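Just one chain is shown here, as structure tokens, and it is the form predicted alone.
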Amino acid sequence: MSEQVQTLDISPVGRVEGDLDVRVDIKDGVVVDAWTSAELFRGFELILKDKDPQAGLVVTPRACGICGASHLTCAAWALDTAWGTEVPRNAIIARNLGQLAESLQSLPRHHYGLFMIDMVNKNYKNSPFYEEAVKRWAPFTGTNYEAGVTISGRPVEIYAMLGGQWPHSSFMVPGGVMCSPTLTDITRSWSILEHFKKNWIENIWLGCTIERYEEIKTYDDFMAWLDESPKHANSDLGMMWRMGIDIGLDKFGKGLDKFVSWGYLPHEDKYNKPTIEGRNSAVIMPSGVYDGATDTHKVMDQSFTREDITRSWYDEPGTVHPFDRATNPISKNDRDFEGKYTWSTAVAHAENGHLEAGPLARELIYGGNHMEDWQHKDTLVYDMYKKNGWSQCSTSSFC
């Protein structure tokens, strides 16, 4: 006889930014339905209402203690675009370096602090990789857990040299930055990157040089790389891949097969007079929309951007362009899973419907042919996804 549906409420999920509740319905040991509910209303749009536009440079970087640079970058470029500001070449480079330094620190923190600690759960004790996983990745006691979490603090030292502090810096301002790096700053930054590369990326994560890993362009290349050397197979990336396949992570987390990225990292010679219309052709990491069902790429036109507020605690129309949002919160916000149950909104596209954003989406978009010749192109994750249709769980280690 079939088991009854059981409902499991997890509140809060600690390993996310902000408060998040998860509710799942389980039948015969299988999750048959799920909801995520963002319980924390931050209200930065309301805080900034009627303020000087430059207040965004101070307020938005404090939206998060990990990714404040992303919020500051967006605020600075929005003001430059609105005011038609010309940003000097070196200032664009300094902004990009801050953004990249913060992105680098997120890599080991995500892998060891948020993802791989699940792989030491006793549910996987029958995996041949389990004992080694516990040795390396167990929270606080794992050898590589300690190394990864510790070294994650190095890249943001570069950010602090540029921005005066990390997190919550406001060193990006309309027209440029509030720093002038010296030769000593640049030399020290280079040494920090070398330390990060030698002591984690190459020695622990990859088991090879970055140059060797960059030669991998396809799924077949990656599988050949795994077999090429025990150092590759036994690296944290190699072991994570092999254990992930063994315990079935490639079967979890299937999405909509539709992805979006607005692109980032303005080019220092092409984006010094920013406009909304000129953004796509002036960012190093290209924007795009990827439809996995039809295997098609196209440039992301911001005019098609939509936020779906149907399930969110706001008194606003269901799907609108962000320019047309009012951020009008509902004060009485009971969870109604047939109606409104969260503060978060859904990413949507006027033609393609709901889309997934994030690192996997960016990597899939970088594999297309819709961008300019000089823009960043990386085909590895795209080829993996196209050949196997694997989930976020199986590809997260590459993003």
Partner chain sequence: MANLLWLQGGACSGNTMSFLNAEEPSACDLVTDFGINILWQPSLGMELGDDVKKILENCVSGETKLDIFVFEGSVVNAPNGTGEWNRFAGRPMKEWVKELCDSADIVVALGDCATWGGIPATAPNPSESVGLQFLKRANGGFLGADFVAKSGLPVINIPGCPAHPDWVTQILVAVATGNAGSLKLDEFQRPKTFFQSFTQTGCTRNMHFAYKVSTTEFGQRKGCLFYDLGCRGPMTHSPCNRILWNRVSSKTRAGMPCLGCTEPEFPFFDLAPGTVFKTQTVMGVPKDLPSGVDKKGYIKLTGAAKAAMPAWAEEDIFVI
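Numbering follows the first chain given and starts at 1. Keep in mind that what you see is a predicted model, and the values were worked out from it rather than measured.
Not on display, but discussed next: the form predicted in complex with the partner chain.
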{"item": "In the predicted bound form, segment of 265 to 273, 244 to 252, 159 to 167, 221 to 229 with a heavy atom within 4.5 Å of the partner chain", "value": "159 to 167"}
{"item": "The unique member of Trp77, Trp200, Phe259, Trp313 whose heavy atoms fall within 4.5 Å of the partner chain in the predicted bound form", "value": "Trp313"}
{"item": "In the predicted bound form, the one of Leu114, Leu100, Ala233, Val299 near the partner chain [non-hydrogen atom within 4.5 angstroms]", "value": "Leu114"}
{"item": "Any non-hydrogen atom of Glu39 within 4.5 angstroms of the partner chain in the predicted bound form", "value": "yes"}
{"item": "In the predicted bound form, Glu146 touching the partner chain (heavy atom, 4.5 Å)", "value": "yes"}
{"item": "Any non-hydrogen atom of Arg62 within 4.5 angstroms of the partner chain in the predicted bound form", "value": "yes"}
{"item": "Touches the partner chain in the predicted bound form: Gly153 (any heavy atom, 4.5 Å)", "value": "yes"}
{"item": "Sequence-ordered residues of 164 to 200 touching the partner chain in the predicted bound form, heavy atom within 4.5 Å", "value": "Gly164, Gln165, Trp166, Pro167, His168, Ser169, Ser170, Phe171, Val173, Val177, Met178, Cys179, Ser180, Pro181, Thr182, Leu183, Arg188"}
